[in-house]
Ligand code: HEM
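First, one chain by itself in structure tokens, the form predicted alone.
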Amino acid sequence: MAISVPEYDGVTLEQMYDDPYPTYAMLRKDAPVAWLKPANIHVVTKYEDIMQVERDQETFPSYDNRSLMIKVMGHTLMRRDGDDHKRHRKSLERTFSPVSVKRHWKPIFERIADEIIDDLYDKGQADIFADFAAPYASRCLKEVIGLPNMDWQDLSTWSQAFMDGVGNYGNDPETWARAKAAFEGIDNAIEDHYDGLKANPDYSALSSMFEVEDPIDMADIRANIKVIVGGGLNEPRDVTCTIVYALLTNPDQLKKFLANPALYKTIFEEAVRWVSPIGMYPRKVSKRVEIGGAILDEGDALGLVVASANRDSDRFENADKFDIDREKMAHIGFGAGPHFCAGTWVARAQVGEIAIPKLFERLPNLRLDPEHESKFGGWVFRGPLSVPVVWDA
């Protein structure tokens, strides 16, 4: 029998940031659809319930004028539905298609990865997060969005400000201020590059949106670039760090990878499942509906907790374990349905096919630094904050 949505307030947002997984496990077991009081949102935590939502866009639309993403970035393609969403997504096809990734972006990503590793090699130690993954993701993204003359540190700072803003369920005013500065910074950068891209079209996201047959408004172009800056930097950065950490803490699996580098595909997907960098995204309820044994009302805001769904023991055996030998089961680390991440093929090439093999090929005996601890954080967006390593230079 369906019940009203249970309320859960047995955790603080600080505890969720430090380690959300015990809370997710409890919610999946006792209240798979619950009102998470500290975040002021209904959360859906089981795999099949989230898939039910994603299969029904009419009942669970993406657009919600209360969306923190809209507040921080404007009305992006991620908060659109139906033909409107298709039109915006189509405007980016030239940039993100598998053919474009293979023919155009891969050589650029390879060059950037080699340049960063060249600079690191003689040092014999680094923080993979700060010294490789962040600059690599940012420099790759500059090319992909069409802002190659930007400083990569600025783009990295703005990306984090956007992600922090979208996850600012605690309503911290300083976080809003940083997100506002990032909003203005991206708009100014787009204006600086506009004339050059109009005169010389290329494969970048900006150029693709400028040149598409059915053009979208400039305000929408700016908003779409902002959402790409957010997920397109943080996700590959965090997956890169997650894979390095996971392999270096699972020597048997590292040994298999070193013996068979083609395993990068499996390793990449397992890392995205294990630590979903985009841990939660929103939907809205358009009419009274039952889901997960609970009744939701029209207007309710939902958070689809894919980081929990990807550790749902009803779908994945030993779900809390990083295991490249597990039975192949589709995860939802890149979302599902019409909103499946457009940048998936870019991320798979950038991280799985290029960054990870190069790091382990070019940094001999790569291993965790025994004198410095790796750190993770986040729940709406989660990933490593520091992965100190050493190698035989």
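Sequential numbering from 1, following the sequence displayed. Source: prediction; values computed, not measured.
There is another form of the same protein, the form predicted in complex with the named molecule; it is not shown, and what comes next is about it.
Judged by heavy atoms within 4.5 Å of the named molecule in the predicted complex, the contact stretch among the candidates 120 to 128, 206 to 214, 232 to 240, 160 to 168 is 232 to 240.
Site annotation in the predicted complex: the residue of I291, L155, M78, A179 reaching within 4.5 Å of the named molecule with a heavy atom is M78. This chain lacks the partner; the member of P338, P357, P38, P61 within 4.5 angstroms of the named molecule in the predicted complex by a non-hydrogen atom is P338. In the predicted complex, the named molecule lies within 4.5 Å of some heavy atom of R283. By the criterion of a heavy atom within 4.5 Å, G146 is excluded from the residues contacting the named molecule in the predicted complex. Of the heavy atoms in P32, none are within 4.5 Å of the named molecule in the predicted complex. At least one heavy atom of H85 is located within 4.5 Å of the named molecule in the predicted complex.
Contact with the named molecule in the predicted complex holds for all three of F96, F268 and I278, each having a heavy atom within 4.5 Å.
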